[in-house]
Each structure stands twice: as C-alpha cells, then as structure tokens.
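The data below hold one chain only, encoded as structure tokens and taken in the form predicted alone.
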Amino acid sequence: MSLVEEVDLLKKIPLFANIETSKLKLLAFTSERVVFKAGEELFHQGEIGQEAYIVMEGTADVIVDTADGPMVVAQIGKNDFVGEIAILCDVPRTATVQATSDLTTLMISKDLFFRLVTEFPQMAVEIMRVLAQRVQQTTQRAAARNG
C-alpha cells in the first residue's frame, strides 16, 4: 500500500477525518505497518501498552478475561482503531486482541499519538465518543449474556 493509499484509509477513520492531509501523511510515514497472521495476538490483556493500531485489512477479536474464562466482547475490522485506552490512560491493556484472519495494521507509537491529540483537540473529542460507544456496547453484551 502506498503512502497515498494509507492517507486515504486514515481519512475514512472518524478519529482522523478532520485532520489536514499533510498531517495524515506525516502520521502514515511515521507509523509502522505490522502484519499479524490469523491466531496471533496484537497485544494481551494486562500488558503495558506503548502503541495503538489502525486495522487496514482483516479482522480480529477483542477478548476479555472473565471468571468463566475468555469472552469475545467485540470484533474489529478495516478502519477500526484499537489499543488507545492503554496509552491514553497509562493503564495495562484492558483486553486481548487476536487476529481472526491475516491482519494488516498501522502501528502508532504512544509519543506520536499524544502529539496528534495535542495538536488536534477534535481528536480527543472523537476518542471520547468512540470509547463511550465501546463501553455501552460492552455493557449491553454483558447484560444480554447475564440476562
């Protein structure tokens, strides 16, 4: 995938939709493309997070350890952003993310992510929106399983 294609992909992600093209080029250029095979983990619940990932191709499960064993709470795919909670809040990873197909990602370091949030406050607002939606969806799924 070329730099232009990566920038086009970033523009489709709500988090980055309002950021000017030159900044997205910098993001794409300074990010690292990382490929995971089906079954590989991007990260494991409880680990310290130093990066977040944008899914460019493929799918992955978001898995949370529970008293009854691992529980898939969500599936992510193209244009999804994952791993930001640990780097935003300086807490261990809140879930395990495991590729369910071959997965191509753009890895964004913690430092770069914070630079972007500082430069573009609208990103912080969008992050809050995404996180609130995830909490709501997870709560609904948990209630449905327990109800």
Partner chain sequence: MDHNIFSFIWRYSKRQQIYITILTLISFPFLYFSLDLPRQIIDDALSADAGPFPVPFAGMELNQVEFLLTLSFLFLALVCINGGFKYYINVYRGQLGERMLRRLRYDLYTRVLRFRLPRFKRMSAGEIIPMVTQEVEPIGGFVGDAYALPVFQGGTLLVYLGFIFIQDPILGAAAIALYPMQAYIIPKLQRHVNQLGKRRIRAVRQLSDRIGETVAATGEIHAQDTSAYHLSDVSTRLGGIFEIRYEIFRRKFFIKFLNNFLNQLTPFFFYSIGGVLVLQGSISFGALVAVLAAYKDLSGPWRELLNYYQRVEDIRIKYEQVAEQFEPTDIQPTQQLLEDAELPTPLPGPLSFSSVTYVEEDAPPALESVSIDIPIDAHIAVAGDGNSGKTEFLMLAARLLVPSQGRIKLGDHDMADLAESVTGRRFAYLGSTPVMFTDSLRGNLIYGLKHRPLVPPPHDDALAHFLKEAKASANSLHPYDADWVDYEAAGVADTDALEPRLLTLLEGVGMGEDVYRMGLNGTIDPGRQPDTAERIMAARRAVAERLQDPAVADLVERFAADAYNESATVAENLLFGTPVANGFDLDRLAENPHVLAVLDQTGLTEDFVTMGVDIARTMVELFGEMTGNTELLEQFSFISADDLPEFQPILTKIDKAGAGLLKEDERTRLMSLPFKLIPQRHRLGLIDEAMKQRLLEARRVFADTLPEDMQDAVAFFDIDAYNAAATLQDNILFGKARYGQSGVQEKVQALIAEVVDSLDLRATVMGVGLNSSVGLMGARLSGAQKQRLAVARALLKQPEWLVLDEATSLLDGGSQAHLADLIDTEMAGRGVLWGVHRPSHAARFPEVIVLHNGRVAGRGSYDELSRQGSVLASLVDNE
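Nothing here was measured: the structure is a model prediction, and the numbers come from that model. Residue numbers count along the first chain shown, from 1.
Same protein, other form: the form predicted in complex with the partner chain, not shown, and the subject of what follows.
Although the partner is absent here, Gln50 sits far enough away that none of its heavy atoms falls within 4.5 Å of the partner chain in the predicted complex. Although the partner is absent here, Asp65 sits far enough away that none of its heavy atoms falls within 4.5 Å of the partner chain in the predicted complex.
Among heavy atoms of His44, none comes within 4.5 Å of the partner chain in the predicted complex.
Interface membership of Arg115, defined by any non-hydrogen atom within 4.5 Å of the partner chain in the predicted complex, is confirmed.
For the stretch 9-29, the set of residues having any non-hydrogen atom within 4.5 angstroms of the partner chain in the predicted complex comprises Ser22, Lys23, Lys25, Leu26, Ala28, Phe29, in sequence order. Note: the CA-CA distance for Gln122 and Ser22 contracts in the predicted complex relative to this form, by 3 angstroms or more. In the predicted complex, the CA atoms of Gln122 and Lys23 come closer by at least 3 angstroms compared with the shown structure.
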